[in-house]
Structure formats: C-alpha cells, structure tokens
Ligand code: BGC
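In the form predicted alone, a lone chain appears below as structure tokens.
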C-alpha cells in the first residue's frame, strides 16, 4: 500500500509559515525596467501555456486512459501503472456504530492519536479528542521495537486521560483503527506486511513483518488494553469518514502534498481477487493514482524536475497535480525567464536557484493578489527570491502560476471522471443517473480556490451540464482520522 500522502504530509504543505513569512513584509521597492525585458519573457510564457493546455480532447483522453488503467490493474497485479490495491474493507460505516474507538495515524515525522465516542443513529459522534506526538529523529533510524514501543507509549499516555464523555464498557478491549501510510502488502482488514520504509525512515527489523503484529505486541509490552481492528490508508479513511455522514459517497480523493484516490468497487469486477469473501459484495480499492502517466501534457520543466527527482519516471501524475510539486515547476519556469529574458534583472537570483524554495502556498497566495501593482506578489518574490520586481514582471509570474495550477486542477478533474466513468460502465447507469459524492481532502484542494475551480470546471466539461448536476464534489476536512476509528467500529469484534 504505497501511500503518497498521509494526513500529516497533506497538512505540511500548508503548515504554519516559516519565520521569513511571519516577519513583516518589506515595503517593495518598484524597479522599473524597460518593457523589452518583460516582453522577452512572453514567448516563454506562451510556450508554457501551449504545452500545459488541457482542452476537452486532452481531458477525454486522460479520463479514458485512467479508466482503462484501472481495469488493467484489477485484472492482475502489475497489469498497469495503477496498483489497484485491495483494502479488504467490505463494510462501511452506517451510523449505527456505538461505543468508544481509537485511531492512530502514522505517516510522517509526527503521529496522531484520536478517540471518538459514537452514539448510534441518534447521537452520531458524541465527542472526539486527539493529540499529536513528534517522533524523535533517532527513532527514525532505530529498531522496529524502539519505534513501536514509543508509539505504544504515546497511545498509553493518551488512553490514561480517557474520561468524561468517553466510556469503555467494563471488560472490553479498546479497538483501534491504524492509518499506516507506508508501502504495505495488505493481507486482511487487520494485517499488512511492510514492503519498505519511505519518507526518511530507515527503521531496522520491520520490513517483511506485519505492522499490526508489531503494534499489538508493543501495546502488550506497555500493558495497554488495546488491539488493532482495522489497518487502512489515509484515502480509505477519508472515504469511510465521509460515508458515515452521507451514504452517497463513492469516491475519495486526497490532494495535498501528495495525492491518491480510492473508490467503492464491486467484488465481481475484480478478476485478480480469486476467492471473493465479501458479505456486502463490495470493497474499497486504493488506486494509487499518483503513478498514472498516460497522455499527460508535460513540459520541459516537468521532465527536468522528474529527471532530478529521487524517483525518475515514477509518480508522473502526482508530480503534475499535487502540492509538493506545483511550486517547484513554477520556480523552474521563473529561473528560465530570469536566465533567458532577464525578468529579474541582470543576474539570476541566488535564492530562487534553490530547489523547492518556492512552495505551492506561495503560488496560491500570489494568485489571490488583486492589488493594483500586485504588491503581495512583490513581497513573496522578495522573500523567496530576494529581488525587487515591477508590476509587469509580477503579472508574468501570476500567469505562470495560473498555467501550472490550471493544468493540475483540470487533470485532477479528468482523473476523477475516469474513476466515475469506470464505475458507470460496470454499474450500467447507476452512477451518473443518481447523486454520487466524491469526498475531497488535503490542503491543496482546501486552500487553493483557483485549483478547486479548475477541477470542478473539468468535471463539468467532461460530463456535461446535466450529468454533472448529479456528481457532488465535497470537501471532507481531516476525515481520514475519524474514518479509521469508524472502520475499527465497523470491524469491531463486539459488533455494533
């Protein structure tokens, strides 16, 4: 289960501003350059806009290719770029769930613990509490036992504070939904073998082991009365959390630092599942759509960034649409304009030459600037690149940001339509003909209004005005944490 974007990672791209951003904005000094300097950047901008263009035929090709790759990935493991990983979640929350349940979200340098008291149909979520714990750097390079003991200790400390509206019936074991956002080969709803650590972790002794067993054993060592009832990824958790409130939720998409999508699939539409064992006849499939690559409109800047990345040739869709990369693509375009068109004067700003120095929240903020001389753009360029700029140069910068955000949003929309299209073809008209909800989470989607609008526009263009009325794209903030707890409830050994 190679998960590209944990909730912690999703938040990190829009986390609190660094010291440089919190400092008072300097008054931007207007430096007026000859119009020829700005004009010489126009051909670079025009070519970028042409290479990034996503007209309807391009969107259709992406949607069709996404649906085709999904089918191929369901036929056999390795059948396409999309892994189409089975989640073993075949029962989704109904609202009848009652009791106290916990969730643990491990996906980065912090982990989050959460508890929720559920009151059934009448009371729903009675109360929630959560805490976030920072993982010491040395544990990221320690042993498996050391890491899981630290996590179990954090869970035990959190459980000790249980009280008030949180009530565990006498004699019961606490049940936990475990969101584990690292590559895992899942074997059941409550077991999964770690393939490898990523995201800077190099913990010894875990690869090839069941991470649920590792956590359960650590909780026993802490004498914590708790067990894992569900192992999920963050996208699956988002779907479950949204489905709890709305029975029409069929797809979940995370668009943050990374990106992924999952959806509800019929078990009889999964040829590689040789012995279906689902009471509902349905399960959630984790697409790992960040690996999609067919027919994407790529620029020379995308290719350069990919070639210099830690995983060249991989995760191309993610590198085109997710928050980790949008700012970096814009930075590379601005470097070219600074070198070839002297957009920022006679020298290339040294600070701008630092990889990933321009972040997606920066380009989002620049696109919100409606002031006469684009003063916000000027301030961000000053902070990030250390240069003064005139209003003409700033307008060019905004146009570059828009080209990259527009392509990203529209391609994400086409990907969503591809998933819906595949579901519609198999269900013979029950998806497009009825209200169908796509639950969205992630800082990129939440905080970037232009990106959000471009995504919705692409969905509407592809489906047409009538069908698109039935497709509801809805923000589900931080749904994955409570979703994991709900899946623990759904798979409780005590029933509902």
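Keep in mind that this is a model prediction, so the values were computed, not measured. Residue numbers count along the first chain shown, from 1. Only the largest set of C-alpha atoms that superpose within 1.5 Å between the two forms is called the rigid core.
The protein also exists as the form predicted together with this ligand; that form is not presented, and the subsequent description refers to it.
K.L.:
If you drop this ligand in as it sits in the model of the complex, superposing on the site C-alphas, does this form leave room, or do 3+ ligand atoms land within 2.4 Å of backbone or C-beta atoms?
P.N.:
The pocket is blocked.
K.L.:
Check each of 71, 199, 266, 185 and return the one that places a heavy atom within 4.5 angstroms of this ligand in the model of the complex.
P.N.:
Filtering the options by heavy-atom distance leaves 199.
K.L.:
Considering non-hydrogen atoms and a 4.5 Å limit, does this ligand approach residue 97 in the model of the complex?
P.N.:
Residue 97: no contact with this ligand in the model of the complex.
K.L.:
Hey, in the model of the complex, is residue 315 touching this ligand, heavy atoms inside 4.5 Å?
P.N.:
Output for residue 315 is yes: heavy atoms within 4.5 Å of this ligand.
K.L.:
Report yes if any heavy atom of residue 288 sits within 4.5 Å of a heavy atom of this ligand in the model of the complex; otherwise report no.
P.N.:
Yes, residue 288 lies within 4.5 Å of this ligand in the model of the complex.
K.L.:
Though only this chain appears here, would residue 258 touch this ligand in the model of the complex if you measure heavy atom gaps against 4.5 Å?
P.N.:
Contact with this ligand, yes.
K.L.:
Tell me which of 333 to 341, 176 to 184, 209 to 217, 359 to 367 has residues with heavy atoms within 4.5 angstroms of this ligand in the model of the complex?
P.N.:
Single hit among the candidates: 176 to 184.
K.L.:
Quick one: name the residues from 224 to 261 with any non-hydrogen atom within 4.5 angstroms of this ligand in the model of the complex.
P.N.:
Heavy-atom contacts to this ligand in the model of the complex: 233, 234, 235, 254, 258, 259, 260.
K.L.:
Note yes or no: does the Cα of residue 196 move by 2 Å or more between this form and the one not shown after the core is superposed?
P.N.:
Where the cores coincide, residue 196 still shows a C-alpha shift between this form and the one not shown that is 2 Å or more.
K.L.:
Would residue 305 count as moving between this form and the one not shown, using a Cα shift of 2 angstroms or more after superposing the core as the test?
P.N.:
Result for residue 305: no, shift under 2 Å.
K.L.:
So that I can tell if residue 180 moves, could you say whether its C-alpha shifts by at least 2 Å between this form and the one not shown after the core superposition?
P.N.:
After core superposition, the C-alpha of residue 180 moves 2 Å or more between this form and the one not shown.
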